[in-house]
Every structure is written in structure tokens, then in C-alpha cells.
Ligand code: NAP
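Only one chain is shown below, in C-alpha cells, and it's the form predicted on its own.
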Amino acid sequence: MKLQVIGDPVLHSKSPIIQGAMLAALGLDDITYTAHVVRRGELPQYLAWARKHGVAGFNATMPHKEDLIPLLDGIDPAARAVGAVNTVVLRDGRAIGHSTDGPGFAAALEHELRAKPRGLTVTLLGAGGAAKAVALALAQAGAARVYVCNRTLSRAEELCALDASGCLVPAGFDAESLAQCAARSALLVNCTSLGMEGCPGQFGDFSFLDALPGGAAVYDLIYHPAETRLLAQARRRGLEGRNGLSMLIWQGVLALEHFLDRPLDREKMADAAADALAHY
């Protein structure tokens, strides 16, 4: 059985380490998981190749999460709501898409920060694909309020319109707007690329962190570098902070359940993946 992760770039991906550790913990040595470069526009050819060569499923990263949708035979409701897939199962001649990013974030939040989404007020930075998955997962899990802060307000408004519960509220990205939202929040989540290794963008002002109440936490979806400037600034202020590696692990656990078509001991799988990454 063959499993893969596709994208461009993708050879830096930690998914083969994560999935390899979990497969080893399950004693499934006959299943391989490898990274495969697929450039934009090559998805139809890749899908034909995957079917022909016995690929049973794959994870997808940039730039394919949205482009895959019209090529699939089916898509689960969570992925349809987000408008993107990160997990595709090839079974019985059909390609079915799933999204494990949002549920993976919710699981990471609970296990890493001991925080349950229900009743939580959150300031969320960004309105792209990752922000959409996280915001909708928080809304579906019963968050009280999620302030979606984005430089282009119309994009934040478009994201918030996807949720009928009314808990998603669009907001600006200027210092005053960020501070006002942060002051009401127990959690701040960065879903932008600001601070990512190799990306030129950085936060110019961290004063909004001063508005967070005592006991608040900061979660940065970025995991390369392991400590972004945002996390460093949060910890300097005595705030608890986590990077996105735990989300990567948990979304991988959920993806493997789809690939194997059975429930797993999720905590055992997450521990195996975390241990492998710690020794990588």
C-alpha cells in the first residue's frame, strides 16, 4: 500500500516522518508514505498516475488544496464548507476528499493548551485557507466569538459569512483593531505567514499582545522556525504559547484514520509522531 504527500515545494515536509512513525507503531511495515513533488497544473496527470500505481491515498499541501476539488469524485461536508481538501482517499475506483486541518487544530488546542473551543473567545489573524479551516472548526465546536482580523476587511467578511451561527466577526488588522479584539480574547491564533522561515513578512508591532488578559494563550500555526517572533514576544509577556507542529501531528492522525478506514488510538499515534519528530 502506498501513501504520499504532494505539493510544491514538498520535500521539506515533516508528514513522512509523522506518518512513518504512526505506521511503525501500528506494525504496518508494508505501507509506505513518501513526498512527491506535483506542480500547479499537474494534478490530473498525478491522479491518473496514482490510480495506476496503487496509491491508496495522499495528503495535499500548497498549491493544491483548492484545485483538487473539481477533480474528485466526492468530498466530505467539512471539506466542502472550507472549500479545500488536504486528504484524499483512493478506494474502489473513487477519489474522496477530506479536510483534517480544522479538526486537527481543535485537537491540538485541547491537548496542547488544555483549552476547549466551546465558550471560548478568540482573536484569529488572517483570512486565507488555514484561517478558514480554523475559524469554521472553532465555530462548529461552539466558540462564543471569533474575531477574524485581516488586512483586507472584505476577505474577513467573506470568511465570516460562511458560518451561520454568528460567532465569526470580521475585524481590521491595524494596531487599534487588534488590541480591541485581543482585550476580549482568551486565545490568539496566527493563521498568516508572518514570521515563517523564508517569508519576508514580519509583524511590525506586537503591542496588541499587551491587550490580552492574564492567562491568555497564543497559538501560531507556523512551526518553522519552532519559535517565531510572535511566540517569543508572547512568552516575554508571560503568555503561554505553542507553535503549529501539534496541529500538523493531529491532522496527520485524522488523515491516517481516513487512509486506513478505521479508528485509531489517537493519543498513542500523536505520541509516536511527536517522539519521532523530537529525535529527527
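One-based numbering along the sequence shown. These numbers were taken from a predicted model, which means no experiment stands behind them.
We do not show the form predicted in complex with the named molecule, though everything after this point is about it.
This chain lacks the partner; the member of 55, 217, 222, 254 within 4.5 angstroms of the named molecule in the predicted bound form by a non-hydrogen atom is 222. In terms of contact with the named molecule in the predicted bound form, the residue from 79, 122, 130, 109 that brings a heavy atom within 4.5 Å is 130. Residue heavy atoms within 4.5 Å of the named molecule in the predicted bound form occur in exactly one stretch of 90-98, 163-171, 180-188, 130-138, and that stretch is 130-138.
Residue contact check for residue 241: none of its heavy atoms lie within 4.5 Å of the named molecule in the predicted bound form. In the predicted bound form, at least one heavy atom of residue 247 sits within 4.5 Å of the named molecule.
Using a 4.5 angstroms limit between non-hydrogen atoms, residue 196 touches the named molecule in the predicted bound form. Shown alone here, residue 155 lies within 4.5 Å of the named molecule in the predicted bound form, counting heavy atoms only.
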